[in-house]
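A single chain, nothing else alongside it, follows as structure tokens in the form predicted alone.
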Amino acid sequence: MRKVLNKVILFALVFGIIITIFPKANAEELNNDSTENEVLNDAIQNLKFYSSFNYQTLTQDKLNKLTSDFYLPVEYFGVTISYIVDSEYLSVSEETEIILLRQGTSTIEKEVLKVTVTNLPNIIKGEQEFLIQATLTYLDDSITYNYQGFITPVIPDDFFGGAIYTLVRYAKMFLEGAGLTLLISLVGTVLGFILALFLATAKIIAPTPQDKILSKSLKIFFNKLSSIYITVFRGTPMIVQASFFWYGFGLFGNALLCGLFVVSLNTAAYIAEIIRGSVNAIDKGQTEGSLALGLSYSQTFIFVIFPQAIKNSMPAIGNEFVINIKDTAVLSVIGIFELFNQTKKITSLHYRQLEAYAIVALIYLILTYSITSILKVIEKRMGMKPLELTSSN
């Protein structure tokens, strides 16, 4: 019985020792693995690349717009790092070098590999992706992590190369600006034409002896009001009008709507004078003939004189549309990103004004020439005779 009891005690003692020793060993092994993983993950999250120009840290945004050489650290707090760079535009040096990095008021030495940008893609190819495969090793554990970026084309030094670069790189901005310019010009001309019909009518219709006092007073009032309106809007620059309504009143709370409003009012003043001149150019015999046929003065004006006057003035109104395409450039003063303001924004991105403004001048020329050609075809088919009454915007 004693022998059996001794065997049980011995078995329990040995079993207890095994349970006590081996779980601790396993826990230590897991703890070591966990520590190594934490160190490696920390290195991945905090690993920094450095610009060769000023040793500043390259953020992901800068890696996505890479244009110059940079450095890769080969060690991070006990973690050794090796790299494989996958790009035809980059090469990694085989030997390390030491750079000095500023930390607060002191400097530290950092052992790095230099990555050289061997060449840059042209603007036609556009941005080119590159991949940096970093293998991080700590004690007996290692992990691989990929860093991605893009090599960005750089504007050439010569004029034609810079112009092609600017045109291709910022084509979307130029198109958006041109589209907005055409929209403002077209809508402003159409609304201005509608308003001009009322202004021209108010200025043309004079009081007659047959008019009653109220009718006569209204005609005089609207005639003076129309004259004042035309004088003010023809006598002040559109850029001043835009600033007045936008910065003075904050009209509509929307710069685009305010710009359309200003272009419409300004255009109406010029088109009103065009229509008035066209009405005065019609032979008076048509008025006399209409009155002799029994038409009233109003009927003669609406059905006989006005249609002819509008038809004859269409070439000059088309000319106003072409002028508005150019004059909308002044709306940049109130922050509308039409064609000219988009170009100003582009020049601020790479400080090459000559190429950008040469391109925008060419775009304006294409727009005005195209619209003029279309208007000439329309005039020819409708048998319109051009009436040369130009704007002085």
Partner chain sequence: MNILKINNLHKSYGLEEVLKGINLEVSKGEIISIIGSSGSGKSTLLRCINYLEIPTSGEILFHDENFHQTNKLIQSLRTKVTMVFQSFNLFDNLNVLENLILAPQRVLKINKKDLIQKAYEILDSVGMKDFANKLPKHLSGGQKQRVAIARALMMNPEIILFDEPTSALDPEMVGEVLDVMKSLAKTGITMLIVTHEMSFAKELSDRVIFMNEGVVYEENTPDIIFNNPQLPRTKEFLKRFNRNY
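If you're wondering where the values come from, they're calculated on a predicted model, not measured in any experiment. Numbering follows the first chain given and starts at 1.
The following text describes the form predicted together with the partner chain, which does not appear among the structures shown.
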query: Which of 133-141, 160-168, 303-311, 185-193 sits within 4.5 Å of the partner chain in the predicted bound form, heavy atom basis; finding: 303-311
query: 4.5 Å heavy atom contact, residue 288 and the partner chain in the predicted bound form; finding: yes
query: Interface membership of residue 292, the partner chain in the predicted bound form, 4.5 Å heavy atom rule; finding: yes
query: Residue 116: touches the partner chain in the predicted bound form, heavy atom cutoff 4.5 angstroms; finding: no
query: Distance check, residue 299 to the partner chain in the predicted bound form, heavy atom within 4.5 Å; finding: yes
query: The partner chain: the contacting residue among 217, 107, 208, 236 in the predicted bound form [heavy atom, 4.5 Å]; finding: 208
